[in-house]
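This document opens with one chain alone, in structure tokens, the form predicted alone.
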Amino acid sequence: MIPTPASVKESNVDVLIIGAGPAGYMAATWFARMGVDARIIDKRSTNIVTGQADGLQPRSLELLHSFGLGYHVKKEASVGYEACFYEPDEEGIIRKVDTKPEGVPGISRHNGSVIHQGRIENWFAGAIEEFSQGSMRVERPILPESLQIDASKLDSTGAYPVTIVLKKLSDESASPEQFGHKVENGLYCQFQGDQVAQAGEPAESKEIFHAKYVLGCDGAHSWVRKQLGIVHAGETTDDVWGVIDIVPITDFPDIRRRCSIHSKNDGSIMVIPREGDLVRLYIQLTEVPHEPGANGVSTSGNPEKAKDAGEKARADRSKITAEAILEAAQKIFKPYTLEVAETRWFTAYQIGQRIANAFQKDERVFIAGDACHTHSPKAGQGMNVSMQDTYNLAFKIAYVVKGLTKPNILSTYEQERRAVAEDLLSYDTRLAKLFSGKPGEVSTEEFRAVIDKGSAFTTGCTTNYESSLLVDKPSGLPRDVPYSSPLARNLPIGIRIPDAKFITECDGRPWFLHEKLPSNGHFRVLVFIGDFGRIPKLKANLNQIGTFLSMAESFLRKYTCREEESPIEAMLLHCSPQELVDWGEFPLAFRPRNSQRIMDYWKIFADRPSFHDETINGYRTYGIDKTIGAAVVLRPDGHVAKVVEPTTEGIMEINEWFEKFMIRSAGN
């Protein structure tokens, strides 16, 4: 048992998040938005102010917009539109051989954007404060000291089976090690001794938490993962890369485009334009110092000696300098010149791909982000996949904590996100090998082909969840083969709903549908009733559906507490001409009134040209027949969960589907 001296504060919390990186911040934002009692701690004294991850892929941008953070991106980030490829000619001079679109045109309204991780975390911090009305914030510097799970309490949803002892550190002891470098750097992120070193520091105070759930979002060397005995398996290569953020002075013509450059003998570079005048360079380092090997054998600077000693040589990144990284870049850029007006940040990393053998323990303690999977930054996925891990997980925990669903939905987290991690590591392994290879040793045409083939995957918009409790489609389908109902041919089940334009019926204003699907924790049932104004059968179906949805046994009513709004929202999307539509004839289920009798006007949409926008195209975009329609269930994370006919029978099928995991509210 963990000792509990009278001087140690002891309290209960529904969810404790350990680690305030992208995964932790995303989880905290969900919990704040859904009103969950959560705490988030981090072992460092301050948030990130420069450097670290910087790429936001289209799906992550959709998530930021869904939390109301999109205006920050538009104001501050650098947006990518074109990518260039440089290769050496016969004389060894690098020349541009191809220019391609950045990402996949049309897959999202948002293009991949770049801005440093600290700014993104600041945006999240503001959202957390707003959603929680100031009650939640990152608590620093706090270090977890021990974790225990009481097996006797696991079956009780109201119990707090996880006990964690935390200790408050001094700001000085929690400051990141900079290894004597004058330029701010991220080298400390690469060292396993970080947590151990801080563990020896005296605590200013201690606190004991009893939690229902714990999320380990504490990075590649996750303390939480180690406490659970979860193995992080994989391989590390000999390839070492430097990263540097600079304000460049150069005659290189494509410095404001994303570029992949292969030189003949000096390695490769990836150019990433950043916010303002900044540019990030990923540089292959051909000469690096190495740590001493096992058994006292020195392998410094000699990977072959390390192999003789029975181990893989590990780069001593603390000895890599900004000057050395820049010098390597200058060699690759030749015959173009590269000087630096300002250096903001740098780091170095050794390429490796690893994945945890489990993502949870007893479905009470979960790990996410780098704690689950690590890889190279070549595909720009680290921060994005980490945020998408907890975007998948946190709403599920929130539903269970609030008593809205059974705990059985939590099993879908590892099933869904492990598949994503496996696909990512497979892609990253191929990409990193090709990027690090020399011309002649690898095919640069193959390199570009791998990028082309993986471009949709890296946007995050094609993540395809398999059949499960929360995804109703045939089981056993290959992940790379989307499955769609014939009722909605372009809405693959298990994939996030793509964006499309509709107008709001009440005022004729054009909207992208994603703008009306904020991350507020709701399941949504989208009833595409078709052209009901012209087709009597569809009008009859609409009236029958409206009648059912108003009944106490419908999913809109039976899971709703009197003091709270329904966790399920119904929306109507039709395609009838305006002259055949009468607002007063729409079923009340799609235009409800609140306790003050104020009508909700924002649940009824039309697919017809607007006076101000003739590109309204929702039914065509989704592959829905206007004479038949469809009813589509969306999960709170925007993934399509189920598609049925827009009839009473179809809606009853949705009703039965919710019964598999939802909990009827008291009094219903």
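From 1 onward, residues are counted along the sequence shown. If you're wondering where the values come from, they're calculated on a predicted model, not measured in any experiment.
Below, we turn to the form predicted in complex with another copy of the chain, even though it does not appear here.
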Which of 543-551, 401-409, 252-260, 205-213 lies within 4.5 Å of another copy of the chain in the predicted complex, heavy atoms considered? The stretch 252-260
(Q) Against another copy of the chain in the predicted complex, would A77 count as a contact residue? Criterion: heavy atoms within 4.5 Å. (A) yes
Using the partner position in the predicted complex, report whether S485 sits within 4.5 Å of another copy of the chain, counting heavy atoms only.
no
Notebook entry, point to check: Applying a 4.5 Å heavy atom distance criterion, does E339 contact another copy of the chain in the predicted complex?
Noted result: yes
Contact test in the predicted complex: G508 vs another copy of the chain, heavy atoms, 4.5 Å
yes
Residue within 4.5 Å of another copy of the chain in the predicted complex by heavy atom, from D155, E422, E445, E82, is E82
Checking V481, I93, A233, I598 against another copy of the chain in the predicted complex, the residue with a non-hydrogen atom inside 4.5 angstroms turns out to be I598
### Message
Quick one: Y71, N111 and V247 and another copy of the chain in the predicted complex, is every residue within 4.5 Å by at least one heavy atom?
### Response
yes
Looking in the predicted complex, the residues of 600-622 with a heavy atom no more than 4.5 Å from another copy of the chain, listed in order, are Y601, W602, R608, F611, H612
